[in-house]
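Read the single chain below, which is given as structure tokens and is the form predicted on its own.
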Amino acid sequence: MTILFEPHRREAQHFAVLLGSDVHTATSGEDLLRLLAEYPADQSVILGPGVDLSVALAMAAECRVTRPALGIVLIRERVDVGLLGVALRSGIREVVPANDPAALLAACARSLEVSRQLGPAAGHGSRRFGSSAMDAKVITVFAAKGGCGKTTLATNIAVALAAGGAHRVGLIDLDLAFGDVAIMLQLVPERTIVDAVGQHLDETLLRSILTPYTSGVDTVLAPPGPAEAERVTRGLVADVLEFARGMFEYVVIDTPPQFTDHVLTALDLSHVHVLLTTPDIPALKNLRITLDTFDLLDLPKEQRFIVLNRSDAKVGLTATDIERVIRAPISAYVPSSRDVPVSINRGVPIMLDNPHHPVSTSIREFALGWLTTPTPPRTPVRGLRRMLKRGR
């Protein structure tokens, strides 16, 4: 069932007719609260164009904690990138123009499908933020060559794991000098990781430097410039990751294309290493060197997953050729699409912009198929990693 909230009765009647018979209509805030209480199993709320934006955002922010499986669809007279960014960060699942009935019906169908997929898992989202019962799986996304799509993959994995708010995901930008998570998600951070420098880090302080994005996803953003990045120590990164493990169910780390102290720390504290490459010889060469380096660092092979981005590019290399070059199996294939840079320019991950797109489907299947298994124990530091830490 669906709840429609629209203060103007004529508009409410118009959208109710469009949506069909399975709709409860509210024309006041009191009616809406009554229906939400009366029908706790309803999976969708549609907010009409007559609902004040501040009310819609406040409701979405509340529901992302109290009813994470509830999908909120917002109808507006005019939809632009700024509105999309604000709405998605508050937890609204879809935003559609008022004059496009087909888009509204499609958005409602997508939202209901997400809610159905959450099913009993939605109970995870009701755990209080910061609960000590959480012990996050830490996932580091790494590529030794820039331009492979690492930040795009990391942000979309975070959105996929959050599943519309069913799980709490922390997305941490460890590309401290040139991080792109903020600009890719069109976030304007009030605080970043550098605001924790020189302070005693605890859960309260870590919460204060989080920038929320969408339902279930909060971010720790990189400093605004390289000079400030130099103030972030390896010890602070380790503390941030350790506290984040108690606050989220998954922690996804975006990294620079170098083995910096911060990256080594993240790799050591991670349960899973997602290694990204593209089907070109320089990227494959760098991946092969990365795998050799991981062996020297004693990072377990069973914790590595290789993702081939732009996998359908016609460049004369087959999957068999690539696996022979890197001497390792490929876990996921992500196709190329011009829709990916379009979604980046809009500041909305393709996983949210178009959940059924082939790129979204491939990343979701990888995330849910490979990254949601029970958390393996972390391997203690040894070998070259210990020597590197001592030398540094």
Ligand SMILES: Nc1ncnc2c1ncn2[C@@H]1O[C@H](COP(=O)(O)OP(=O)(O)OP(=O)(O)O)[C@@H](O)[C@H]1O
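Not measured: the values here are computed from a predicted model. Sequential numbering from 1, following the sequence displayed.
Form predicted in complex with the named molecule: not shown, discussed below.
Student: Is there a non-hydrogen atom of Cys63 within 4.5 angstroms of a non-hydrogen atom of the named molecule in the predicted bound form?
Tutor: Cys63 lies outside the contact set for the named molecule.
Student: Answer with yes or no whether Pro341 is in contact with the named molecule in the predicted bound form, where contact means some heavy atom within 4.5 Å.
Tutor: Although the named molecule is absent here, Pro341 would touch it in the predicted bound form, with heavy atoms inside 4.5 Å.
Student: Check Asp218 for me: does it contact the named molecule in the predicted bound form (non-hydrogen atoms, 4.5 angstroms)?
Tutor: No, no contact at 4.5 Å.
Student: Can you tell me whether Pro355 touches the named molecule? I mean in the predicted bound form, with a 4.5 angstroms heavy atom cut-off.
Tutor: Residue-level check for Pro355: no, no contact with the named molecule.
Student: Just one of 205-213, 75-83, 290-298, 151-159 has heavy atoms within 4.5 Å of the named molecule in the predicted bound form; which?
Tutor: It is 151-159 that comes within 4.5 Å of the partner.
Student: Looking at Met59, Val334, Leu36, Val51, which has any heavy atom no more than 4.5 Å from the named molecule in the predicted bound form?
Tutor: Checked against the cut-off, the match is Val334.
Student: Quick one: of Pro189, Pro257, Pro97, Gly246, which gets a non-hydrogen atom within 4.5 angstroms of the named molecule in the predicted bound form?
Tutor: So the residue touching the named molecule in the predicted bound form, by this definition, is Pro257.
Student: Using a 4.5 Å cut-off on any heavy atom, which residues of 162-191 would contact the named molecule in the predicted bound form?
Tutor: Contacts from 162-191: Asp175, Asp180, Met184.
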